[in-house]
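Alright, here's a single protein chain in two forms, structure 1 and structure 2, each given by itself as structure tokens.
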Structure 1
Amino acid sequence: MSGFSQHPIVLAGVGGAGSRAVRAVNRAMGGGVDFVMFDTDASSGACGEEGRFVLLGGDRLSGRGAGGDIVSARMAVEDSVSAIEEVFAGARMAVLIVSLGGGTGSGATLEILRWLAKNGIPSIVFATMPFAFEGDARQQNARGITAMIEEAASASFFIPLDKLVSGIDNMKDALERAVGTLASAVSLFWRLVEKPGYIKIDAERLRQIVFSSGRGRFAVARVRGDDRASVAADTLLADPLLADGTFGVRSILCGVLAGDDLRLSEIGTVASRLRTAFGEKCAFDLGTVNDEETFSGSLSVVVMLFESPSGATRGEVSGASGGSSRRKRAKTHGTLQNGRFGNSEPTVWNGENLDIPTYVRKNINIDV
């Protein structure tokens, strides 16, 4: 069991928006979830709700936040390694939620993911990408870090905020929708593991599935009514979050969550529609939840699509280096190769970590 939680999976938010999102997951679950918030900004910990707060970079940043500086956020994690060790002690897996674009969400997430990989703990990261209107600096900050986050994580989701809120113009409504959609996806996923039904995906199974799954996309649908399985499949297949043709789907993880009225034929409908749409050759894993209290009369489906076949590296899960096969895969994709420096002291000069590529430190846009 982990250092602060009885749950084998540690759920963590990183940065200001990441901390807000993980609290929203807890609310979506009706409370009672053990979660942790990592931030360099002390105000994230002053919310008085459940959850544990870890202030990163205490002496270096004095709780003021990283002010958009990825380098100081990365160093803040190095300052706080003992707290990270304590949080993840005994954890079998970690789920991180973060909004890229600022300093802490981008920089601290990368270092936490590298620490997890080095310690053989598989990780899934849900990361939002900034709104287009936030400007070039934040966009470049986020785009510059995605390849490194993808390399360090076992499975990663990069979700453009513009796609999460398409059609909403009001700022407050848009942010609420964005947090709500992310929280509802993560909470469905959490229930799948927490309360596995007749077809089980428990924490150990999930650990096997996501290990080295690579970049993914996800969508959720919640439907009521007679034809709810078909409608859920239609809704998912029309979701802009799934309709991104940037990579080929190699594996599918699907959760079907309902009350006691869940029918076998409904599971069959959802499974066959997804498999037909994304190719019968995909590795396919499905789990169910039967929870009458939460889902009475409704059918929820969460689907995750991955670019790597989920079974391809399963034998490596028990090994000590969770990130190694990711690095091998990243090499074939032509992405950055900094994982081999993961165990070295950073090369710091004039307050800048020279191990971080210049284009990231200087916010220069390279299309990765």
Structure 2
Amino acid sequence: MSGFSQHPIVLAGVGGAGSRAVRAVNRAMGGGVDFVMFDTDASSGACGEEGRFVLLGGDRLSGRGAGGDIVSARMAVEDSVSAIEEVFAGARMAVLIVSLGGGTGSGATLEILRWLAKNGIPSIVFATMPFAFEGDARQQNARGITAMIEEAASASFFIPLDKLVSGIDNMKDALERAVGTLASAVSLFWRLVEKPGYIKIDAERLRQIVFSSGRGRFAVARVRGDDRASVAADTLLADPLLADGTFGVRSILCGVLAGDDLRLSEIGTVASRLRTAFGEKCAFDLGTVNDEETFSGSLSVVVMLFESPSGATRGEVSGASGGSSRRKRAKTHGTLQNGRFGNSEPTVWNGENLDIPTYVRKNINIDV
């Protein structure tokens, strides 16, 4: 892509669901996105579409998949380091899409993120969480890996599928909603640089924003009509994905996408409503996209909120440079009532007691 010839952004799908998602993002952008698919299952590469495919753990797993085993998926990445180095050579930022709950999505994503952090490449993760009907095992698998993914990534979005498709019962329609919403959020990074409008955020500025973002939430609204800016703001503020926050908001990234009819007053309305709702003092970055062919007559707004678990400002949370920001984990007082930790104070993150995590029960080795 010409827009990233000097500062490339690589889009990567991890696992079967992640691979399908990056193809959808590429289609939403009209093709031309630099994307790659990582999977332990060789069938993910048999799509006949644009994009690169990397089979993880080929000799170890013979392309049959990880079978839901996170340890096998992590080892498969270790077997494929040279291929990962080739994919991300020269990258300035990486965007990963993954569905948590299985083996490859959970295990391989963590190891790829750690490689990116070690090599100073900031990373953004969009991770979907399993539907409730998928069962406790997949739910626990997904929840058990989120804290480690968040620690390794520069920015992370954990998206409950139940909320992403809230109000839709038809399976086909639900999947289309999920893919469309995810594609709109992910493709924002490319659109802001490729087709900037009145207000530009270039690739290097995006990279700096991502360095210290942490955990986030996002929502998308696309509307038409005379009062479309107000309607878009109302839609965003009512979205369950945006309201599902544990902590306060420390920074906002907003993209306003429209055709040639975009008005400055509309940009002002969207910005004012968001800042009023989430805090006038938090950091605020806004960029516009001018794309008459895609957005003629409509107004799309993508908003990303980044949380502040300790009340720190953007500069206080992240180091000066490098892919992985080290964020303090929230603690609550009290003692663990069972297990071998006895009277020690538990470490709790988003309601999960990390002193008895899933990865211990699954015998996953953790690099500290």
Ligand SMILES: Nc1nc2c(ncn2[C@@H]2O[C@H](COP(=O)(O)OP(=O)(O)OP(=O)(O)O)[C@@H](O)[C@H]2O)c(=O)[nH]1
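What we label the rigid core is the largest C-alpha set whose atoms superpose within 1.5 Å from one form to the other. Treat the numbers as computed from the prediction; the structure is a model and nothing was measured. Residue numbering: sequential along structure 1, first residue numbered 1.
Each of the two structures shows the same chain on its own, and it is structure 2 that derives from the form predicted on its own. Comparing the forms between the two structures, the C-alpha position of Phe88 differs by less than 2 angstroms, with the core used for superposition. Ala232 shows a C-alpha shift below 2 Å between the two structures [criterion: core-superposed Cα displacement of 2 Å]. With the core superposed, Cys254 shows a C-alpha displacement below 2 Å between the two structures. Superposing the rigid core and comparing between the two structures gives a CA shift of 3.4 Å at Leu188.
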